[in-house]
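Read the single chain below, which is given as structure tokens and is the form predicted on its own.
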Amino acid sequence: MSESKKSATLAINGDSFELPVYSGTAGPDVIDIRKLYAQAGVFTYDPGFTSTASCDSTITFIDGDKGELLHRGYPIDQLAEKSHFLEVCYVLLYGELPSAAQLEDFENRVTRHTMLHEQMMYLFRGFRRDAHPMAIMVGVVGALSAFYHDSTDISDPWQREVASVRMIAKLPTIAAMAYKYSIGQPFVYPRNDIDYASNFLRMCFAVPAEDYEVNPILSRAMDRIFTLHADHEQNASTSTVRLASSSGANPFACIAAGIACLWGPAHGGANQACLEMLREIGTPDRIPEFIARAKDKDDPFRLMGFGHRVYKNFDPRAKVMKQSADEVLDLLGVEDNPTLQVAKDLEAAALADDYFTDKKLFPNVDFYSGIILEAMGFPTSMFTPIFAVSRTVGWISQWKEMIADPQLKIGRPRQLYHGETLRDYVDIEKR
């Protein structure tokens, strides 16, 4: 961090304190409060850390007012249109677009780490047959540290590199096996002769009785889902990974912590909530009823998949995802699927309504990704595991950046205490 040339003055009970102010290359300035407690004896109060910068980062930048998402400076719409997921992984991990030779080397390393240690199959069989795939993923990813001892030393840059490639490679295999286990089908092993997204689809949908021919439109849509969810700055699960890694925990444990956080319905379950809403609507003729309810300020109902907490304009990922949704629905058809027909008609109705456009309540990435995954044949229980596969590279990039940060300190948030003050213990016979 460069030396501050600006400062802010904080007045507390007649005393003034000068606090450094730093500017990034984009985004708002930040006030450095690291010495505030030592100088003034006070903490700041920020539930949810919505106004607190917890780190320096060079990876991802979001401007919610402009509807802008940049990975290492590259706009997400350009990456989604012109690139593919493993190249985006390279950009997030290493900071620049790769040369052809660098990309080939990276893709080869990922492809040749997709298999799991065979003894890990016993872990899957230890879960109940109806276990949620996310429960399996949390356990299996955490257990990777018990099988890959040669990549758990976070002080060794090479071991950090090996762990990074292993997790990007193995998470699709783990997610696909969790899905297969949950539906009682045999595991399908990865192959080295097909691309990352196609490999994942094949591991999910192939069966020993016949091979699965991956449709290129579905593969491209899957790759875009991975790309558009790869990283999203300091969100809840990324912050969880950073907090866990600040203690020196091994990388597999840190990513397992991120998966556990992502499992929360307020974070990784938005596309599932959107599909459940579409099923509640049921048929296109009921759309006006639910549009009216969404406009009624006295009705708690709201349209899931519209608007975004961060983006106050159009979600930049949604435009690309809508294109994929249209391609997938044209390929697979919606006539026999009332949920998908409701989705298409609801999108059209909302975009034609001034109430939603004036409030910038546009369909977001979760609306379209849920439609695509539903059309592909994934159950809603697999939506969040697929999100975890996508976000793994973002978590790892943030983890690697934090480990290399000379300012690294173990995370230790403070509190505003409202409990009892000091009091004496009372013997049980006197209570």
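No experiment lies behind these values; they were computed from the predicted model shown. For clarity, a rigid core is taken as the largest C-alpha set superposing within 1.5 Å between two forms. Residues carry their position along the shown sequence, with the first being 1.
There is another form of this protein, the form predicted in complex with ligand SDX, and it is not shown here; the text below is about that form.
*Asks:* Given the pose of ligand SDX in the model of the complex, superimposed here by the C-alphas around the site, does the shown chain leave the site open or is it blocked by 3 or more ligand atoms within 2.4 Å of backbone or C-beta atoms?
*Replies:* The pocket is open.
*Asks:* Though ligand SDX is not shown, can you say which of 305, 251, 133, 172 has a heavy atom within 4.5 Å of it in the model of the complex?
*Replies:* When ligand SDX is considered in the model of the complex, the option within 4.5 Å is 305.
*Asks:* Scan 287, 86, 294, 329 and let me know which has any heavy atom within 4.5 Å of ligand SDX in the model of the complex.
*Replies:* Checking each option against ligand SDX in the model of the complex, the one that comes within 4.5 Å is 294.
*Asks:* Tell me the stretch among 89-97, 216-224, 343-351, 297-305 that has any heavy atom within 4.5 angstroms of ligand SDX in the model of the complex.
*Replies:* This holds for exactly one stretch, 297-305.
*Asks:* Using 4.5 Å between non-hydrogen atoms, is residue 355 touching ligand SDX in the model of the complex?
*Replies:* Result yes; residue 355 sits at the interface with ligand SDX in the model of the complex.
*Asks:* With a 4.5 Å heavy atom cut-off, would you call residue 232 a contact of ligand SDX in the model of the complex?
*Replies:* Residue 232: contacts ligand SDX in the model of the complex.
*Asks:* Indicate whether ligand SDX has at least one heavy atom within 4.5 Å of a heavy atom of residue 361 in the model of the complex.
*Replies:* Judged by the heavy-atom cut-off of 4.5 Å, residue 361 is in contact with ligand SDX in the model of the complex.
*Asks:* Although the partner isn't part of this model, could you tell me whether residue 389 comes within 4.5 Å of ligand SDX in the model of the complex, counting any heavy atom of the residue?
*Replies:* Contact check for residue 389: no, nothing within 4.5 Å of ligand SDX in the model of the complex.
*Asks:* With ligand SDX taken in the model of the complex, which residues across 362-376 come within 4.5 angstroms through any non-hydrogen atom?
*Replies:* If the 4.5 Å heavy-atom criterion is applied to ligand SDX in the model of the complex, 362-376 yields 364, 365, 366.
*Asks:* Does superposing the core leave residue 308 with a CA shift of 2 Å or more between the shown form and the other one?
*Replies:* Yes: residue 308 shifts by at least 2 Å between the shown form and the other one.
*Asks:* So that I can tell if residue 196 moves, could you say whether its C-alpha shifts by at least 2 Å between the shown form and the other one after the core superposition?
*Replies:* After core superposition, the displacement of the residue 196 C-alpha between the shown form and the other one stays below 2 Å, so no.
*Asks:* Take the rigid core as the frame of reference and indicate whether the C-alpha of residue 102 shifts by 2 Å or more between the shown form and the other one.
*Replies:* Where the cores coincide, residue 102 shows only a C-alpha shift between the shown form and the other one that is less than 2 Å.
*Asks:* Do the C-alpha atoms of residue 350 and residue 217 sit closer or farther apart in the model of the complex than they do here, given a shift of 3 Å or more?
*Replies:* Residues separate in the model of the complex, at least 3 Å farther apart.
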